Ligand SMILES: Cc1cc2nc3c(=O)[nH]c(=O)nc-3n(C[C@H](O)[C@H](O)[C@H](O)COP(=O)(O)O)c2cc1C
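Before any questions on binding or motion, here is one chain by itself as structure tokens, the form predicted on its own.
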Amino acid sequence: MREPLIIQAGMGVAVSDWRLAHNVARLGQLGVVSGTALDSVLVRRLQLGDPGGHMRRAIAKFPLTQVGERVIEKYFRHDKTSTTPFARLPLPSATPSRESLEILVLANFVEIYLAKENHDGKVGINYLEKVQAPHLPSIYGAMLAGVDYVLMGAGIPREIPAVLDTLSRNEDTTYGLYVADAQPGDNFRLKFSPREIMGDKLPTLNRPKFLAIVASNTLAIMLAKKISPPVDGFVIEAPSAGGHNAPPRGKLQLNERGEPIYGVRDEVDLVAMKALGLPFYLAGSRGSPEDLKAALEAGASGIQVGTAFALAQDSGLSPSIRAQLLKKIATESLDIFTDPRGSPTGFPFKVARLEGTNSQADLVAARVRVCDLGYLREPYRKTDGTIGYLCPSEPVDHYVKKGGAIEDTVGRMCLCNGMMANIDQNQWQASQQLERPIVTLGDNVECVHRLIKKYGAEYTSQAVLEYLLNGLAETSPTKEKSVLDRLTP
């Protein structure tokens, strides 16, 4: 398999949706869908009437007809209004119901099936290691649809390569679950059995490649040399990348804006990465032909690009949000803040400051707290040895009652609901409030300036690829020819 030069990043909740990944993959680069919360995304698309019929078309291709029929019967509707609440799924759990497992498998199948439909390009799916409960059924669903790559960051995904091996053989598998306050002798593990879902209809599956998203040489070395099987490659993500960033090494220090300060210790040694002998990609402010050329010269296989694709016309981002962002970028008035406290995960999180979104502290404070999606809840060991769940962004009294420290709740935002609002799937809450977006982008938006100047504000993912690859061909004509000359859309 020829390694791609460009990975289109798996961003947010369905910002990197099947359309974006499809368009990138059919042009010969790696299109990646976001695997976060796909179960909720699928059932909300159905509740919005499934415009274009794409969900139902893909569901019809799922190997178990009765599963798809049950999901359509329960969630498909035509009468959803902005003040009609979306039907909610059960919160993610270490012991999910059969229905929850089926929807996770189905949702991941649907997204990958649509991303791969009618072309032979390569498609990947991106997961957050920290969102552990859905891992096994999600990955299996993506593999049922023929996913080519799995990417994972926001944690230490040491068990994923072995999981891919096991699931490719349709065998029962487990995954270590991090549980706060676990005691010596505890062994909390997630379990998944393909046969329990598929019965005797166990298909032949290909084992996808696995790219670990890392921010340090130490983690890369461990994943390359100290686990079996090793990872297949890396995405090296700098702290200028959008979304969650790895915390700075050493004692946390903030600049005058209140953002974490990164230093020399947070830089990755690319010479050492090259010595590992595995493909690696550079991410974080890598959105220009010059960045691609520099990455190749440093020994990388290419770059991962997020912000430029997130603002392309064919991404899953709300059109109204995209328009606001592009206007601010064009007038050089967009402020992106690395918030050290906003995310309930404890990881720094980049927030694009936009009016009417939860980038405004007063709107965050006015929101009535509710935890009705629960993807970022942390499992903890209760006194009786069972697992409970808590989130610093949930109602404060609930968090404290479970043993959480009240100071941990200060400044926290509900990323789960905010990210769903980014794709126009805002929940109407019982408090008579419509959830507001929380938009994230990388620090460097210069690439978007260039794209707007060259292609206009309604540029597409194809324009991003043309800009990057034709620009590379102009500086290194023997290295890469025009993507549009070489590939037929």
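This is a predicted model, so every value here is computed, not measured. The first residue of the shown sequence is 1; numbering continues from there.
Heads up, the form predicted together with the ligand isn't pictured, but that's what we're talking about next.
The candidate stretches are 306-314, 256-264, 396-404, 96-104, and the one lying within 4.5 Å of the ligand in the model of the complex by heavy atoms is 306-314. Each of N126, E237 and G242 places at least one heavy atom within 4.5 Å of the ligand in the model of the complex. Of the residues given (I213, A352, V150, L292), I213 alone sits with a heavy atom within 4.5 Å of the ligand in the model of the complex. This chain is displayed alone, yet in the model of the complex one of L465, L20, M11, L472 has a heavy atom within 4.5 Å of the ligand; that residue is M11. The ligand in the model of the complex comes within 4.5 Å of no heavy atom belonging to Q29.
Contact annotation: P437 falls outside 4.5 Å of the ligand in the model of the complex, judged by heavy atom distances.
The closest heavy atom approach of I139 to the ligand in the model of the complex falls outside 4.5 Å.
In the model of the complex, the ligand stays beyond 4.5 Å of every heavy atom belonging to C391. Shown without its partner, the chain has T440, L441, G442 in segment 412-444 as residues with a non-hydrogen atom within 4.5 angstroms of the ligand in the model of the complex.
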